[in-house]
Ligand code: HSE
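Take a look at this one chain, the form predicted on its own, written out in structure tokens.
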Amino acid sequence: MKISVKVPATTANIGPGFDCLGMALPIYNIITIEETVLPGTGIEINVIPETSAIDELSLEHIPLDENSIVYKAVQLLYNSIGQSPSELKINIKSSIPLTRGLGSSASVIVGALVAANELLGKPADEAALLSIASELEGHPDNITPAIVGGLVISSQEEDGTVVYRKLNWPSEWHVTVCIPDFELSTDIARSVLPKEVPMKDAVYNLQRMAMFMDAINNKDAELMKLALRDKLHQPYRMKLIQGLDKIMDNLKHIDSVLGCVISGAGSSILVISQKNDLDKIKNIIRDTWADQNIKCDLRTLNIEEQGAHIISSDE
């Protein structure tokens, strides 16, 4: 039996929502799991890059054995019902750029879990899949939109369960994803964050999250310009993303820009804007990075409302 699952890319944090806000985007990985019939063949994992955005150097760092996050996801699910995975072939068709803050690891975790769950006869419900995936990823901000789609606020509780609610993103607000040609690992991006933050910074972000929710609900562009600011992670990560300070400064003069934020841990950034000046916005980003010899891929995308789903099932 062979199962293929299509999983969207995700962007997390979106300014003030550190580790709790996430959004699905229409860039996809396809994870296929096939039960092989030859005993003793073990686990075979193949990564197939679908676009030039997935460079071979990045692929060299992906474990293709029992140390792979894909295998660990499958193993956790099998173990939860008292079984162990045996002979499986796992293919990952990868279109989500790696180490760019677009949820590539979350997508393969989710895809592997959904496919394995189907192979096993669906023993795990959505809540169980969210819990297992978040345990592997460490937080639910990318995992949740990868599974359920859309814009999501989520929390992983002390018992491991994930609580989430979907929010309605205003269709008149554009999201432009800006993907530079340099990597930034999540471990490095996490390492620069302080273990404690000043009370005034925590209060600042609480205020911005409240503004964010109201701005979304009421399509309030002026409030969103305030809401997208952050003091918990972006000030510390700015130095890791070359040219970001200049891009932000250059975009300040365009009234239709609501904000520029780091996508997840980076290195990609998001520019949120109203439906005009898109060409001007893209030219500013492209030219600013070009001045520093950085190439980039710029994509203005809609929110992907559908999460991970099975696209083929062969018995």
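This is a predicted model, so every value here is computed, not measured. Sequential numbering from 1, following the sequence displayed.
Just so it is clear, the following notes concern the form predicted together with the named molecule, a form of the same protein that is not shown.
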| property | result |
| --- | --- |
| In the predicted complex, residue 304 touching the named molecule (heavy atom, 4.5 Å) | no |
| Contact test in the predicted complex: residue 176 vs the named molecule, heavy atoms, 4.5 Å | no |
| Any non-hydrogen atom of residue 70 within 4.5 angstroms of the named molecule in the predicted complex | no |
| Residue contact check: residue 89 to the named molecule in the predicted complex, 4.5 Å heavy atom | no |
| Per-stretch contact check against the named molecule in the predicted complex, the hit in 27-35, 243-251, 273-281, 258-266 (non-hydrogen atom, 4.5 angstroms) | 258-266 |
| In the predicted complex: members of 127-153 within 4.5 Å of the named molecule, any heavy atom | 137, 139, 141, 142 |
